[in-house]
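There is one chain below, alone, in structure tokens, taken in the form predicted on its own.
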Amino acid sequence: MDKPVVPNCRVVVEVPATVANLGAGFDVLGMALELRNTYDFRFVDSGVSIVISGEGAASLPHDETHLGYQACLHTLRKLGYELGGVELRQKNRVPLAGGLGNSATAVVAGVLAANAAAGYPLSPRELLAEATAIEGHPDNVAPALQGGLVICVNREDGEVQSLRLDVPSTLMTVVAVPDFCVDTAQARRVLPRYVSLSDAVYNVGRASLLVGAICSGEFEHLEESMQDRLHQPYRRHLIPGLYEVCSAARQAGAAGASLAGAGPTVVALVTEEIHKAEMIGQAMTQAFLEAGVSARYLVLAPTATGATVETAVVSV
């Protein structure tokens, strides 16, 4: 028989935004950004109540289809626990447009809340495996869990192997967020099943260069390392003005720019001339506008801190 979750256990999880597919690191490199969604779970005897405020509150599900609730339920059942009811309060700060890992924050929050409610039985590696199994790809959930820049590898035995690296404090990001969404499943469907050896080598070299540039602080390599042949050329038609926005960012002083995740958000890296971040953001949104798309920009610092968890027992 499944064990019941302790009634009135409260778990508050804060999860950072992430940029997956960073530069040439398709399905491999992800970075955590200092913009956080808050998920306040209270485990009760029965019923499901979900209240969401902030970014896209009207668009997110307020019922049992909520991704954070589903991740929590799935993880608890896997751990042998019976879920009576949940009251979930979400403060959403990460834009929904796509590319900053909003859905990954919900998955990570649900897995961590379930782990806390069950008494923390899962190791960090098991948490990553569970979140990846639900989300589908580790390069969003890994930096959300661990913070920093994370290299993710899907091993042949099915396990996810990750390596977390610190990001220099002199590196900032500017993200241009269009006012439309790209369906992740559609963005995946447009990718080819096979790529040429030359394109594979192109990306391997630049992904390696990106990691080396961030670790060494030799940021002059970032522009080249943000180039990609594995997904951006095939997704270009889904994001009007993609290449023009990246070019505008570089011309305004960015060290490099690329599609964030599967898009449509575009991320630019800013180094020594941090004061240019606002100008870069304005240039990116203007380039989107010239392509017929309205957009806004955010200046976000990478964060070394992944998701955080606080628990308490609430009296009735």
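The structure presented is a predicted model; accordingly, all values stated were derived computationally and were not measured. Residue numbers here begin at 1 and follow the sequence given.
Beyond what is shown, the protein has a form predicted together with ligand HSE; the following relates to that form.
Check, residue by residue, if D27, T184 and A262 all come within 4.5 Å of ligand HSE in the model of the complex, counting heavy atoms only.
-> Answer is yes for this spot.
Quick one: which of 131-139, 197-205, 160-168, 88-96 gets within 4.5 Å of ligand HSE in the model of the complex, going by heavy atoms?
-> Within 4.5 Å of the partner lies stretch 131-139.
Does any heavy atom of R236 come within 4.5 Å of a heavy atom of ligand HSE in the model of the complex?
-> Output for R236 is no: heavy atoms all beyond 4.5 Å of ligand HSE.
Does the 4.5 Å heavy atom contact test between R188 and ligand HSE in the model of the complex come out positive?
-> Yes - in the model of the complex, heavy atoms of R188 and ligand HSE come within 4.5 Å of each other.
Determine whether any heavy atom of A17 comes within 4.5 Å of a heavy atom of ligand HSE in the model of the complex, and answer yes or no.
-> Output for A17 is no: heavy atoms all beyond 4.5 Å of ligand HSE.
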